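Laid out below as structure tokens are two forms of one and the same protein chain, each shown alone and named structure 1 and structure 2.
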Structure 1
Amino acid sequence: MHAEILSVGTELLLGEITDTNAQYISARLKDIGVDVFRRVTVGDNPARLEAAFREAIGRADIIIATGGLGPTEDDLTAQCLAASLGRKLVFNEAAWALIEERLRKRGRAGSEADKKQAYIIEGGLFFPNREGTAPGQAVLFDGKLAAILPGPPREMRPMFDTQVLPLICKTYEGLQPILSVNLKLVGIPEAKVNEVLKDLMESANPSCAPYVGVGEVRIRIAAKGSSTREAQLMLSKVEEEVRRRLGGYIYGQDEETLEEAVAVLLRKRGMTLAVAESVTGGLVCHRLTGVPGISRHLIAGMVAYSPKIKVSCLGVPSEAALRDQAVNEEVARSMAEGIRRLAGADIGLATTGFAGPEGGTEREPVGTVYVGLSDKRGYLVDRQVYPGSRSSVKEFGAQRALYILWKHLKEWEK
């Protein structure tokens, strides 16, 4: 059972936008035991696109194409797949009704251009698009399956997971799964993980490999067995061993984020939080507010960029606010205490530092990030110096702040 993935769009070929779809689809297909033998990227050119479909159909059992389903002139994917199969496109009332409903929700009426998206390949079926207008399509022929999906990942992903993947599994029997898990660690460098897992990393199946992220390390464990049960057993054995060796650093797995792990602990402890950000400029709050239900715990956040605001709103001592342009331990501490008092929260979290490119002092160079944490029992302050651009200092700093908070909540006992 082989699949081929087509990414459609001149903007991809020219590197105008990033293709995350091919990777996403590979991962999902891999999990059900379908190998992706080839990935092809083609532009918005009817001849080349139709040819790419013909070749793919010649080579693969399953063809998944993304992109080129929109209302504009250069969206040609449905036409080209239809042509490569010698089929027509037929206007589909049901598909059009869903598109019109979606447009109404956005306060727009359907135009002629929009109508184009309701033409479905003869004998094929369509997938409603819960996140956008253009429906996906699939057609079965000669024991093969071709699906075309919208390009925007937030539209493509749920459509692929909830509609295309089940269709594939229903169509083909005995797809043997690879099972895998990603353990996510904070507070330990990759080199250390590498040392601790050296022996496990030498095995090919089950495999075990660390990947470094921004302020965290991911350990991927994968197992392929003759049966799902066997694969599961192989996987569990290694996972347990990794957890035994490094459990204290693991905040979650797979899609779980550090901010979700923090939210879980806030819920468990029944605690409230307030955040005052300088160097991270709102990124800590942005990440936390990405978690549904966080509003019950995150009372308030403040981006206190100017020393004036640090003093007037958060009660930072003015002499501390002047020292090293407000990048020092006392400011981090008093910002955390100040926002905690202001919001009446159990925990105050604060960041101050220099993201660059300008700024910095002899004592506190660009890249310096102080994290302050305050609760009723006292405070702690953490200092790091990060390399890289303004945005990477912000990212590393926000990750560090969430790590400090996570560690504090994890180890906190009544």
Structure 2
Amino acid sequence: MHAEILSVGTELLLGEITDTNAQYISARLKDIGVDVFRRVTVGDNPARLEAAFREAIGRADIIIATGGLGPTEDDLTAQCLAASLGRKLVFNEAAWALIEERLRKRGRAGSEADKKQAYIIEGGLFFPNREGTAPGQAVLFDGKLAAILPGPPREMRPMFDTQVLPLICKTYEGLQPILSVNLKLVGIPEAKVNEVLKDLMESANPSCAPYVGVGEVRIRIAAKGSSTREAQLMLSKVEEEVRRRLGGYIYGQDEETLEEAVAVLLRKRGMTLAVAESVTGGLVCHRLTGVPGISRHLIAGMVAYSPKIKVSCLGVPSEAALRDQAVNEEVARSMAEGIRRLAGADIGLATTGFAGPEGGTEREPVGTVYVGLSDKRGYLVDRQVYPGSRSSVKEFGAQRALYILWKHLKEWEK
């Protein structure tokens, strides 16, 4: 059983908005054992959209389209799907009643343009839209299913989850569920992960594949079985083996973030943290403050961008602040120690470096990032040189700082 996704809208082709709908639908279909073979983006052109539907119908068992269901003239999705099937659009009183109700709640009456949304493909069914006005639709034909859904994600997602997925599962019995887990690693390069997991990566089912992110590696393990139980057993066996081999680098899984893992360890250790940032410009604190409850542990943050502020507020030696434009090991160490003392925290964390494109010295080129960490036992300093744009260097630097902190907290009792 395989599917094709059509994303409708000229704004998608122009790059004006990001197509998150296709990603969401692909992930949800995978969960129930439907393979997505193609994802196609089509503009608001009736000839091209109708052709895209005809091609998808010829290739796939399930066709899901998003976008183009509104009241304006360029909303053509229902019209084009109907034409590709040789069917008419029929006005549906029940659909119109729901649309009018939604419009009344917004304080206006329905217009003739709004009625366009109540035309349903002959022989099809409509899905009520609880978040907007345009209903979704689905048609079963020749053992195939075509569904068209609104474009706004807040409307599309609940409709897909509560209407389309149950319809697919009811229509196509015996689907083999695919279960997956994503393990997130820091402190180890992709090449080393490939080396350690080479034998596991040779299997097609269950599969094991690494993906590179910003300063981390994600390992996706997936398994397809004749039942959820069988798939879970296959998945668990491989996950257990990956954790046995690389457990020291795994900070979380699926949607968990590195800052959340840091917060868990701060809570477990009962420790407080203060952060002084230069090159990362507050990005470390920004990520940490996205974690609920972090205020019990993160007690201070400072963006000490100017060398003068590093000296006057954090006690960085003047000579160190003047050397290599305040990008060196001593500055990183002094910043971490200074913010820890200033805030009375258990741990001080600091970043300094050159994000570029200007700056840099012969000893410390653009892309250099120092991370300093200080506690009552002493200090450590880490130096890395990152390629890429200014924003990329900042992102890598913030990720490295959180990794250094996570590793330090993880090994605290050792």
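In this text, the rigid core denotes the largest set of C-alpha atoms whose superposition between the two forms falls within 1.5 Å. Every residue number counts along structure 1's sequence, beginning with 1. All figures in this text were calculated on a predicted structure; none of them were measured in a lab.
- Both panels show the same chain in isolation, but it is structure 1 that comes from the form predicted in complex with a further copy of the same chain.
- Residue displacement note: residue 10 has its CA displaced by at least 2 Å between the two structures (rigid core superposed).
- Comparing the forms between the two structures on their rigid core, the Cα displacement of residue 54 reaches 2 Å or more.
- Once both forms are fitted on their rigid core, the CA atom of residue 114 lies 2 Å or more apart between the two structures.
- Core-based superposition between the two structures puts the Cα shift at residue 45 at 7.3 Å.
- Core superposition places the Cα of residue 138 10.2 Å apart between the two structures.
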